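Take a look at this single chain, the form predicted on its own, given in structure tokens.
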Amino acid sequence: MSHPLVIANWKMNLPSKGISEWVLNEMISSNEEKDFEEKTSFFKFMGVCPPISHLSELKTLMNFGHFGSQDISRFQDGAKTGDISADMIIDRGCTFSIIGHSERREFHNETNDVVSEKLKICLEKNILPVVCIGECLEDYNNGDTLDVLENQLKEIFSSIISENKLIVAYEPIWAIGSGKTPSAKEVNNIHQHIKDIVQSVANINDINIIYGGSVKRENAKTFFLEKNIDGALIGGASLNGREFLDIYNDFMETL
């Protein structure tokens, strides 16, 4: 898989007009001047994480980009009702997985230790991990962002040794779905801090840092122009194929 990535995270949603409309009319037809070979190359930095139940339908319609899971189990197999294992998402054609999203932490009580277990499984199974971290509004207002992120990173990455590439997604919890974002310059500096911390506590050869949290067409390019922002993890805006494609095109213009 190429790096970095601009990822559509549909969460527990589907595009309002359906998957076929999202792909055929909002994605492919908007780039109809490109032949398929050019499409494959052009979309090499695009990832899509639909609900796992709709992955096969999406793959049938969309023969470019990369497909990912919104989460994996920290267990390999066994009596774990409702979990989806790493091998299961690989069988479905996924090459990457989001882990540690703030919504998993909030609604499923996932801790940094659990995220670390999932990270190890991803690296073992050669799945590209997209490790989410972020601070709450109180921490941000108190000026504690870097301390909170450092604690998360140390608990997740300590003693990790891998030649595999990985992605960290910085998603300030207070920005997700709120329409509020930190400035691009601020995010750029935070990303440099994240990279420094990960490389100080883990032996990782290659790391990209992407941003998530109310990314939309109006602000995406300001983030992509920054040196340390390697892509985006996009929620609500990704449910509209045209808007997601516009964001992706803005990203490609900055490479």
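Sequential numbering from 1, following the sequence displayed. Keep in mind it's a predicted model, so treat the numbers as computed, not measured.
The same protein has a further form, the form predicted together with ligand 13P, not shown here; the description that follows concerns it.
This chain is displayed alone, yet in the model of the complex one of Asp139, Glu117, Glu103, Asp87 has a heavy atom within 4.5 Å of ligand 13P; that residue is Glu103. With the partner omitted here, the residue from Ile194, Val215, Cys49, Met27 that has a non-hydrogen atom within 4.5 angstroms of ligand 13P in the model of the complex is Val215. Contact between Gly93 and ligand 13P in the model of the complex is not found at the 4.5 Å heavy atom cutoff. Of the heavy atoms in Leu245, none are within 4.5 Å of ligand 13P in the model of the complex.
When contacts are judged by a 4.5 Å heavy atom cut-off, Asp71 does not count as touching ligand 13P in the model of the complex. Contact check for Gly241: every heavy atom lies farther than 4.5 Å from ligand 13P in the model of the complex. Annotated contact segment (heavy atom within 4.5 Å of ligand 13P in the model of the complex): 170 to 178, selected among 170 to 178, 151 to 159, 119 to 127, 76 to 84.
Contacts to ligand 13P in the model of the complex (heavy atom within 4.5 Å) from stretch 223 to 255: Leu233, Ile234, Gly235, Gly236.
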